[in-house]
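Before any questions on how it binds or moves, here is one chain, the form predicted alone, in C-alpha cells.
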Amino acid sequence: MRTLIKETIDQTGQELTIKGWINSIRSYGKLVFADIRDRSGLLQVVGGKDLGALKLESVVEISGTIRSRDSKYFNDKLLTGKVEMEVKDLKLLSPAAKLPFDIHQPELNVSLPVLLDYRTLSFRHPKVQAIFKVQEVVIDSFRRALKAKDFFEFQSPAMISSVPEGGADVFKVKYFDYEVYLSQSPQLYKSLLVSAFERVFSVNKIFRAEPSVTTRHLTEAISLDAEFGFIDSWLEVKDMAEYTIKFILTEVADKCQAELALFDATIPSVPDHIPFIKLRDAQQIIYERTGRDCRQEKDPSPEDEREICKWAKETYQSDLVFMTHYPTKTRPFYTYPDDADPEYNQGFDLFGRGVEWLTGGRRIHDYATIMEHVKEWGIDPQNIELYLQSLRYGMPPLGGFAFGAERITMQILNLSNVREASLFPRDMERVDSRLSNAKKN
C-alpha cells in the first residue's frame, strides 16, 4: 500500500512503499542519495547504483525502511528533513527523457513562451504550482463567501445565440446549420436567474476576441460572477463585492502562507472600508497629481488606473479602490442610470495594485425602462427575449459584479504577466502551442 511522503515523518523503523518522481540525485560511488517527490512533499532515499542510473523526473515506486538521519544531516527546510528511507526495492514505473531545461532550481530561468511551450514540465516547479494553489483558494473562497450569504450556484452556457452587448469582440462558432457565439459574460443569464432564485453566482469561462496582446488580457478567462435582488441602492452591491474580496484575501492570507513566501508577496492592504470615488473626481485628481488631462475620457487608461491606486494607497493606506459613475452611454444597456444625474450610471469597477479586478453595479429591473434602453442602444429585442421575459414577468431591484480570477491571482503574487496565472492560456498567439508554429507544421 502506498504511503504519502508527508506521512513518513513518524514512521521510523517501518517498512513502507512510496511513489513519485525523482527530484534530485547525488551519487557518491556505490552510495546514491535521491529526493523523491509526491504531492505531499520530498523524502530523501538512500540506495545503490540502480537508483543512480535513473534520470530526473522518472516515476518510481520504492519500498524501504524509514530511519532517522544523523543529526548532522538534518534538513530543516523539509518537513521530512529528520528522516530518510533505505531502499530495499526499486521499480521504474515511467522513465523520463532528458529535460529541455532545469526545473529543479529555485527559479525557472526561461522565458514565458518557453515556460508555456513546456507546460507539462513547468507545472512541476514549486513556484508554478504555488500560483495555482493560490488561485484555487481565490475561487473556492469566492464560492464560500457567497454561499454564506445564501447565494445559489449555477453554470452558465458558453454558447449564446446573439451578442446583445456588442459583437466586435466575440468568437463565432458553427453550430450545426447555424452560427452562434462564445459568451463574453454570463450577465444576462445571472440577471434572469435572480427572478427565480434571488441570489446567484457562477464560476465561468468567458471569451473575448480582443485583438490585443498585453500583459493583462486573456482570450479565455475565469469570471467569478454574482448577482442578487431586492436591493435598495447600488451601495449594497458595492458592499457585497467588498465583503467578498475581503473574504477572499483573508482566506489566501490564512491558507497560502508558504505560497506567498515563495514570491515574497504580501496580501493587499485593505482598510475597514475600501475607498470609492467617482470617475470624474478621480480624473480631476489625476490631472492635479500628474498634469495629464484625462477629464473627458470615458474610461480610465491603464496609466490612470495605476495613478488612482497610488492615490488610494497614499490617502487611505488601501491597495484597493472603487471607481464609480461612468458615462451611461458607454456601459451596457442594462446598467442603471444614476437618479441624480442620469448621464452617469450606478456602475463601478474595483482596482487593485494598478489593475482592474472587478466590474459591477446596479441593473435596470423595470421592463418599460429596459425596453427604452434596448431601443436607444439599437438592440433587437428578439435577441434577448429570454432575458426580457424575466423583466416582463416581475424582476426585483438587482445588481451584481464579476471578478477576474487570473487578475486577482496575478496581483496578489505580483506576477508580470496574467498568462502566468492561467493554467492553459489562450491569446491571439497561443492555443496550448504557439499558433505560428502550428501553421508551419
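In case it trips you up, residue 1 is the first one in the sequence shown, and so on. Remember, it's a predicted structure, so these values are computed and weren't measured experimentally.
If you look for the form predicted in complex with ligand AMO, you will not find it shown, but the lines that follow are about it.
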*asked:* Among the candidate stretches 81-89, 251-259, 114-122, 185-193, which one is within 4.5 Å of ligand AMO in the predicted bound form when only heavy atoms are counted?
replied: 185-193
*Look up in the predicted bound form whether residue 64 has a non-hydrogen atom within 4.5 angstroms of ligand AMO, and give yes or no.*
no
*Going by a heavy atom distance of 4.5 Å, is residue 131 a contact of ligand AMO in the predicted bound form?*
no
*Classify residue 208 as contacting or not contacting ligand AMO in the predicted bound form by the rule of any non-hydrogen atom within 4.5 angstroms, answering yes or no.*
yes
_Under a 4.5 Å heavy atom criterion, is residue 217 part of the interface with ligand AMO in the predicted bound form?_
yes
_Give me the residue from 359, 141, 345, 156 that has a heavy atom within 4.5 Å of ligand AMO in the predicted bound form._
359
*Residue (of 413, 395, 402, 54) lying close to ligand AMO in the predicted bound form, criterion heavy atoms within 4.5 Å*: 402
*Heavy atom within 4.5 Å of ligand AMO in the predicted bound form - qualifying residues of 330-347*: 334
